[in-house]
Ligand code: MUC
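Shown here is one chain on its own, the form predicted alone, set out as structure tokens.
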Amino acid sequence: MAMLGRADTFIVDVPTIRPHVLAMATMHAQSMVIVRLTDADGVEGIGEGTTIGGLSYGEESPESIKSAIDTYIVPVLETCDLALVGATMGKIAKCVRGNHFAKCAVETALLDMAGKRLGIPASELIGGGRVRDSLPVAWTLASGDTARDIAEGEAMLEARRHRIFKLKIGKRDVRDDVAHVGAICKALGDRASVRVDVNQNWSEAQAKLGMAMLREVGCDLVEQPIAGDDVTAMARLSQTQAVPLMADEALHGPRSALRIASAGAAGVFALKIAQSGGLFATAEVAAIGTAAGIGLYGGTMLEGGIGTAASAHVFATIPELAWGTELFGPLLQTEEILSEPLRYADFSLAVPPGPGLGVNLDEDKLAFFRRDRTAPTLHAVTAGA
């Protein structure tokens, strides 16, 4: 049996390379909850729980993720054989309701530990195992300034780092947003795929207008234009608009995926390990999407290196990933907390090949960015900026 020896959770705050403008907030730093579990034999597993903009995005924050793990999940881990990842997470599910981000962080650490113990990558513990070694990666153009976004897109194409671009819109008038997107589509032409993310900020009427106009200017995909809990309206839009609608905030694991698929409410699923409740649950969401003929896209919560590596291991097991991935989170941060950064080249991310997640932490960077060890504390968002 692999019994818990030690559990440590802490928050790190890492600045972003530029303000990251979303419909609900503007990020100036990313706050990540890091989980380190060590079994009685000294085998360590690491995980990450990361959301966007504190509580401005969803119901979990860095502070609540840490509290849920420390107060409610660790006592359960103390009663489990950590080598049995599925059984351990099943027991946690019975004892802790919701808290998908916290559970994902713990499951990630358990899979990292299991892979290290067995000497195999985490991807080999999920589904049928790895089917690809690299993943195409999108970049989000989110400065809000058209000229700056075009220049940034051109630089990414020149460096062969990204040729899929997602634009964050929804704060301005619909027509102004479409004009912004249209200018970028025209500038980047057929060299790149341009998509948008509205982050639920449109009404159904605005979405009907916006999606029709976006198709005309060359936009390939519209992510979560309206509230994620309005599946009926999503279905109306999906069935009447030519540009595909991608479900994101509407997805919270397999049950929600089945409801959306049954209603015909999306043409694409944005897979997110934290939002789904873990790596195993994400694989189930992907299977439901595939069975329903829904396209798949590997999404992100702008995780750092740990969460991005964990996502990559899941996405590497999915046979059909037609819309690529968005695993650029570490590239948005000014500093890397891994001892060896993930490898981005030729428009793709290489899936780490080593045991477990295949990544290790930089202890000096952790000591510097840990919220409980450094001052002053960085502020992750400016709401409404």
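In this text, residue numbers run from 1 along the sequence as written. Quantities reported herein were computed from a predicted structural model and do not represent experimental measurements.
Absent from the display: the form predicted in complex with this ligand. The rest refers to it.
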Looking in the predicted complex, any heavy atom of I337 within 4.5 Å of this ligand? no
Is the gap between E48 and this ligand in the predicted complex 4.5 Å or less for some heavy atom pair? no
Against this ligand in the predicted complex, would H313 count as a contact residue? Criterion: heavy atoms within 4.5 Å. no
Test of understanding: in the predicted complex, would I226 fall inside 4.5 Å of this ligand by heavy atoms? no
Of 350-358, 66-74, 52-60, 315-323, which is the one stretch near this ligand in the predicted complex, taking non-hydrogen atoms within 4.5 angstroms as near? 52-60
Among the candidates D248, D177, E107, E152, the residue which, in the predicted complex, approaches this ligand to within 4.5 Å (heavy atoms): D248
Please pick, from S238, T300, S193, T88, the one residue with any non-hydrogen atom lying within 4.5 angstroms of this ligand in the predicted complex. T300
Could you list which residues of 167-186 come within 4.5 Å of this ligand in the predicted complex, counting heavy atoms only? K168
